[in-house]
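Consider the single chain below, provided in structure tokens and representing the form predicted alone.
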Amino acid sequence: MARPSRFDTDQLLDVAVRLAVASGPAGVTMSAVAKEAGAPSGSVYHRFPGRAALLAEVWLRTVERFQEGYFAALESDPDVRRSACAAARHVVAWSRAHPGQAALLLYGAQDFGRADWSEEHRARADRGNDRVRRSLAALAADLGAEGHRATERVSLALVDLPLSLVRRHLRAGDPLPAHAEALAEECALALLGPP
């Protein structure tokens, strides 16, 4: 009977996230993860064939965890404006609850070596990005706004501005203020225009 693994994939990815938060993507190496986890390097290589796969999984797992709640917020209410506000608030609330992972998302996929990712990892990232774009375009249409400019306005309201609010505080090492979710919602409503 095979001996159970002491180090599972999520444990190793948790370590990799901590390393990325502390030292940026450059700090995430196979040997650094093994050392920090107290695992033999073979345990890391058993789960990730190389650094590109490790970086891809760190990025994708973090983005997908964020997006899971974001999409749930976008679909949370039949009233499209309330759903939009919930999505803007989610950006801030998730970042407050997961500051390390939120700090990681201040980087981009390119910083995590997207050019070297497998086709499967790139396709996974593209599917998530496409779903965000489709959801925001649908929301713009539900608001009665048509065209590229309308979608840009919705993206600014529900993605860019809430992320800017988060980014400013995380980069300064400050906690998010108690009013951050309400501010993200106010900005979203101002950009989305009157009902």
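Residue numbers here begin at 1 and follow the sequence given. All of these numbers come straight from a predicted model, not from anything done at the bench.
One more form of this protein should be noted, the form predicted in complex with another copy of the chain, which is absent from this view; the next part is about it.
Practice task
Considering only heavy atoms, tell me if Arg61 and another copy of the chain come within 4.5 Å of each other in the predicted bound form.
Solution key: Because no heavy atom of Arg61 falls inside 4.5 Å of another copy of the chain in the predicted bound form, the answer is no.
Handout entry: Close approach of Pro78 to another copy of the chain in the predicted bound form, 4.5 Å, heavy atom
Key = Answer no; every heavy atom of Pro78 is more than 4.5 Å from another copy of the chain in the predicted bound form.
Handout entry: Distance check, Phe71 to another copy of the chain in the predicted bound form, heavy atom within 4.5 Å
Key = Residue-level check for Phe71: no, no contact with another copy of the chain.
Problem - Val159: touches another copy of the chain in the predicted bound form, heavy atom cutoff 4.5 angstroms - result: Heavy-atom contact with another copy of the chain at 4.5 Å: present for Val159.
Problem - Candidate stretches 122-130, 147-155, 42-50, 28-36, one within 4.5 Å of another copy of the chain in the predicted bound form by heavy atom - result: After filtering at 4.5 Å, what remains is 147-155.
Problem - Whether Arg89, Leu139 and Ala141 all lie within 4.5 angstroms of another copy of the chain in the predicted bound form by heavy atom - result: No.
Exercise for the section: Can you tell me which bits of 151-187 touch another copy of the chain in the predicted bound form, meaning any heavy atom within 4.5 Å? Expected result: The stretch touches the partner through Glu152, Arg153, Ser155, Leu156, Val159, Asp160, Leu161, Ser164, Leu165, Arg167, Arg168, His169, Arg171, His179, Ala182, Leu183, Glu186, Cys187.
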